[in-house]
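Next up: a single chain in structure tokens, the form predicted on its own.
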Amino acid sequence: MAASIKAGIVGGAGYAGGELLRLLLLHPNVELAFVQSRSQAGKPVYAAHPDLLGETELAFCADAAIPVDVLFLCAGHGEAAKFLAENEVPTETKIIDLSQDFRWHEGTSGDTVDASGRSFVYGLPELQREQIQQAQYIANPGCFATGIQLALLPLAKQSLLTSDVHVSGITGSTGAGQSLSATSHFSWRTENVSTYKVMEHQHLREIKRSLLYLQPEGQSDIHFIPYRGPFARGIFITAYLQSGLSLEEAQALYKSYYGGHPFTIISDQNPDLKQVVNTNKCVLYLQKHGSMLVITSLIDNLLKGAAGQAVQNMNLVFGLEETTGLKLKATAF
């Protein structure tokens, strides 16, 4: 029987926490020790996540029951750093943070991010799988950051990001978190589309840092327009730039780069969002129009963009097959 990994979740009541719960409960190598949530303390986890009714009798606890082998931080931005400052976590416990608290450090362009006296490795397996395998602390990438980076990494690896990159991306309402706001209310969001954080989305910082890591001699400007979509989950990204590559050369480049990465797939047909929703996949589709290379990138914002990628990182850290517990079927229809 495979060794059991004792896991705990801090901040388990939100969307990412719920997806992480679902994945860990069904993971063959994981024993879920506790799920912390101050707002839901004492309630069964299925009270916040009705899809887990019948799957577990676990209840939310008010405080983290450390020690565990791996600690997932699903608290809001700023709360992860606060938790680590206020709680003693054993040095042998692996930490995977799903917030943006440890994704970058000003002035740093290498592999790791220094924060709170710990060195956090940026957890994008398609960028630095080997570093993740040796890591003690991991900063899980953002959802838009994941989709955009996977669209551009093969070009950066070959120093082919030599012109401005224009990106548009639309995300589902779960990307805004579970707290209610004017733009997440059903009556506002349904049958509606709007832009937000135009050209200044916070994920641009980690995207530029990763691309600079692969292509240190120069950096293209990235012009990003994010959209709110009238659907619950998924991210659909379109990036385009001037490129001298033919379509066949670009496809060969992308297939070579992602050949050893099980979750990033190059499609020969124009994909749709339902192909990736409820999976840990990223589907990429390439087109060439004149001198412009167009890259479509699709992910589920709660899985490859959050909880699924966190479990993928856990698998790598503990020496498991990367796809363990993540062979999920898309909703499709």
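Source: prediction; values computed, not measured. Start at 1 with the first residue shown and count on from there.
Omitted here: the form predicted in complex with a further copy of the same chain. The next part is about that form.
(message) Would all three of Gln134, Leu152 and Tyr213 be in contact with a further copy of the same chain in the model of the complex, where contact means some heavy atom lies within 4.5 Å?
(response) Not a single residue of the candidate spot has a heavy atom within 4.5 Å of a further copy of the same chain in the model of the complex.
(message) Considering non-hydrogen atoms and a 4.5 Å limit, does a further copy of the same chain approach Leu302 in the model of the complex?
(response) The answer is yes: Leu302 has a heavy atom within 4.5 Å of a further copy of the same chain.
(request) Report yes if any heavy atom of Gly76 sits within 4.5 Å of a heavy atom of a further copy of the same chain in the model of the complex; otherwise report no. (result) Contact with a further copy of the same chain, no.
(message) I'd like to check something about Thr91: if you look in the model of the complex, is any of its heavy atoms closer than or equal to 4.5 Å to a heavy atom of a further copy of the same chain?
(response) The answer is no: Thr91 has no heavy atom within 4.5 Å of a further copy of the same chain.
(message) Quick check on Gln202: any heavy atom within 4.5 Å of a further copy of the same chain in the model of the complex?
(response) No, Gln202 stays farther than 4.5 Å from a further copy of the same chain in the model of the complex.
(request) Specify the contacting stretch among 134-142, 81-89, 121-129, 166-174, defined as having any heavy atom within 4.5 Å of a further copy of the same chain in the model of the complex. (result) Selected range: 166-174.
(request) Note which of Leu273, Ala64, Val30, Val68 lies within 4.5 Å of a further copy of the same chain in the model of the complex, where distance is taken over heavy atoms; exactly one does. (result) The residue from Leu273, Ala64, Val30, Val68 that makes the contact is Leu273.
(request) Just give me the single entry in Leu247, Leu253, Ile225, Leu160 that has a non-hydrogen atom within 4.5 angstroms of a further copy of the same chain in the model of the complex. (result) It is Ile225.
(message) Under the 4.5 Å heavy atom criterion, name the residues of 16-32 that approach a further copy of the same chain in the model of the complex, in sequence order.
(response) Counting only heavy atoms within 4.5 Å of a further copy of the same chain in the model of the complex, the contacting residues of 16-32 are Glu19, Arg22, Leu23, Leu26.
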